[in-house]
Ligand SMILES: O=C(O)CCC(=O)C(=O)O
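The chain that follows stands alone, in the form predicted alone, written as structure tokens.
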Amino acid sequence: MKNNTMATLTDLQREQWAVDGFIQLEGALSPEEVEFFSAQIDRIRMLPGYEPARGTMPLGHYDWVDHANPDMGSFMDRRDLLPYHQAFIDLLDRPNVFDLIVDIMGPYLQFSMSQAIVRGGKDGFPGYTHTDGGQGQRLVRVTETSAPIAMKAMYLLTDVNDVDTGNFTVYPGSHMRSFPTTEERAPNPHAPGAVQLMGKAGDCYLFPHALWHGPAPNHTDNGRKTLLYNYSQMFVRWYDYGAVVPEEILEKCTPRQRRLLGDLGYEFRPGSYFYVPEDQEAIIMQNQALQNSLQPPHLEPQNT
């Protein structure tokens, strides 16, 4: 059952998503919100949290760090943002972005990861290109009408007006075809077919994990700041949480946000997340009439 109050893709956006594998939403955040989240990243940098564990764990794995880097323009990669401020929780289902994510993925989705990244200026980083979701994602093929297994919303907090300024770089259409991964032909931000996207602070890119993408080098004097929010189908393992989301986060959430964070309304049991509750579509679409018409499941209530 559709809820007519939720926005959907335009015909042009739907075509671009299917063919190119990404959409750029201009002005998804207001200037005031850009300033706020940019300041939050500076604040979070000085606090403990999860960052890449270079030298101690494999690539892509994060560990808890207590140190702070006071150079606000230098590299940072911080995960699990929800505990730092209510605004990060509210960004979970921001209507002008989340509505389109639901239109792309369908209502049987969950939130899987939050991340703040600063690409340092003139730090010698050459950029790199990859798919998200591990090597297995590169073996999955979709069609133009397929819902993605997982996708991201990437919010720019810095203007990107020229090449090699930390640009979000994509290989259009690479989500639907095999791609070379040999050392001799490894994709990179300057290889044939790569497109370095421009954008204004406040813009948002939507793209599936299967799209080959990555950051270009940043030859400016300033760090490029972004926020990334991941969404996946409910049968996929989360990035940020091992078993359950902490209750101190859930108690700050709306019913829809709680559902996106894995609260099904009952204790986990075999089959959970693979076969979703009857009210899943009503909760995600925020259709109160449909919610009221459904009988609650005959299961024990969730402990609180």
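Treat the numbers as computed from the prediction; the structure is a model and nothing was measured. Start at 1 and count along the sequence shown; that's the residue number.
The form predicted in complex with the ligand exists for this protein as well; it is not shown, and the discussion that follows is about that form.
Residues placing heavy atoms within 4.5 Å of the ligand in the model of the complex fall in a single listed stretch, namely 148 to 156, out of 170 to 178, 90 to 98, 192 to 200, 148 to 156. Taking the partner from the other structure, the ligand in the model of the complex has no heavy atom within 4.5 Å of any heavy atom of residue 78.
Not displayed here, the ligand is kept clear of residue 127 by more than 4.5 Å at the level of heavy atoms in the model of the complex. Proximity of residue 163 to the ligand in the model of the complex: non-hydrogen atoms within 4.5 Å are absent; the residue sits far from the partner. For the chain shown alone, residue 107 is not a contact residue for the ligand in the model of the complex, no non-hydrogen atom being within 4.5 angstroms. Think of it this way: in the model of the complex, the ligand has a heavy atom of just one of 234, 140, 228, 72 within 4.5 Å, and the residue is 228. Heavy atoms closer than or equal to 4.5 Å to the ligand in the model of the complex belong, across 194 to 226, to the residues 207, 213, 214, 215, 224, ordered by sequence position.
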